[in-house]
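In structure tokens, one chain follows: the form predicted on its own.
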């Protein structure tokens, strides 16, 4: 039974905690947050207000870091130096040099380290990687990805609105789509971008150019209460594949239309789009790697460095 501790009982922990609780071969034993009230909904866990006290008193196999971005790297290193495996929420850091520092600590202490880039485990997005790799519908011609919403008003101490702590839209929001692009297609040859950055809002449009295709992206924190939505549309030679308004569709050049959202309820044939929780998928993957003594190579250090290097220039 893997013993797990989680630090940072904020918004994203609401996706991580149920995933750990659902696993039969892992036990979430301890939580840590400087706000005791955040841990009150979980009376069956040991609660800590001090991170180093939790590391000292608990015998953990895995630490799950759900802290604000600027705290990720230091906390991860402290845990790994104690021989604890670490899964850390994105982004790994605001500083590209932290990537090597973290992976060096993992190698030195012979532990696993992984950044939870969740789109790599999201069925609708993994579909695009599968279609690109297999060329089922021919070569990719173009793509569009967007992640739009309003400026988050709810973060502790307003850390998300502080560029020095969150990196704003590039590092907190756009990183999802850019990480998927680098993971699926590699590093782009060229990047063209425009940005409107004001105290109350932040909006980016970036085009990533590859030798035979381009991908246009949008990411925003608008000042108004714009509802959050994530979408994509990819144009292949023989089909357009879209994920919009919660529906994943394939429009083939022969007139066939496939609704994978409905097909996911049953047998989908050669294309399988399972109904699953991507956060649970990534956590299960990491736990399996720990259990099997395998380093989690689905998220590679060089890809993380590439993403951070591009984000710093937007």
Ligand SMILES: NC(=O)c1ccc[n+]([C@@H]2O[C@H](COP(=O)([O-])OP(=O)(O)OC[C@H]3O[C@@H](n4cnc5c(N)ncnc54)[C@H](O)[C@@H]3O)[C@@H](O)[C@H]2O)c1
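Positions refer to the first chain, counted from 1. All values reported here derive from a predicted model rather than from experimental measurement.
Quick note: we don't show the form predicted together with the ligand, though the next part is all about it.
Colleague: Looking at 85-93, 131-139, 231-239, 208-216, which one sits within 4.5 Å of the ligand in the predicted bound form if you count heavy atoms only?
Modeller: Of the options, only 85-93 has residues within 4.5 Å of the partner.
Colleague: Using the partner position in the predicted bound form, report whether residue 32 sits within 4.5 Å of the ligand, counting heavy atoms only.
Modeller: Within the cut-off, so yes.
Colleague: Within 4.5 Å, heavy atoms only: does residue 120 come near the ligand in the predicted bound form?
Modeller: Judged by the heavy-atom cut-off of 4.5 Å, residue 120 is well away from the ligand in the predicted bound form.
Colleague: Any chance residue 160 has a heavy atom within 4.5 Å of the ligand in the predicted bound form?
Modeller: Within the cut-off, so yes.
Colleague: Looking at the partner-bound form in the predicted bound form, is residue 11 within 4.5 Å of the ligand by any heavy atom?
Modeller: Output for residue 11 is yes: heavy atoms within 4.5 Å of the ligand.
Colleague: So which of 60, 287, 28, 66 reaches within 4.5 angstroms of the ligand in the predicted bound form, heavy atom to heavy atom?
Modeller: Residue within 4.5 Å of the partner: 66.
Colleague: Quick one: of 187, 127, 77, 71, which gets a non-hydrogen atom within 4.5 angstroms of the ligand in the predicted bound form?
Modeller: Comparing distances to the ligand in the predicted bound form, the residue within 4.5 Å is 71.
Colleague: Which of the residues spanning 175-202 lie within 4.5 Å of the ligand in the predicted bound form, based on heavy atoms?
Modeller: Stretch hits: a single one, 176.
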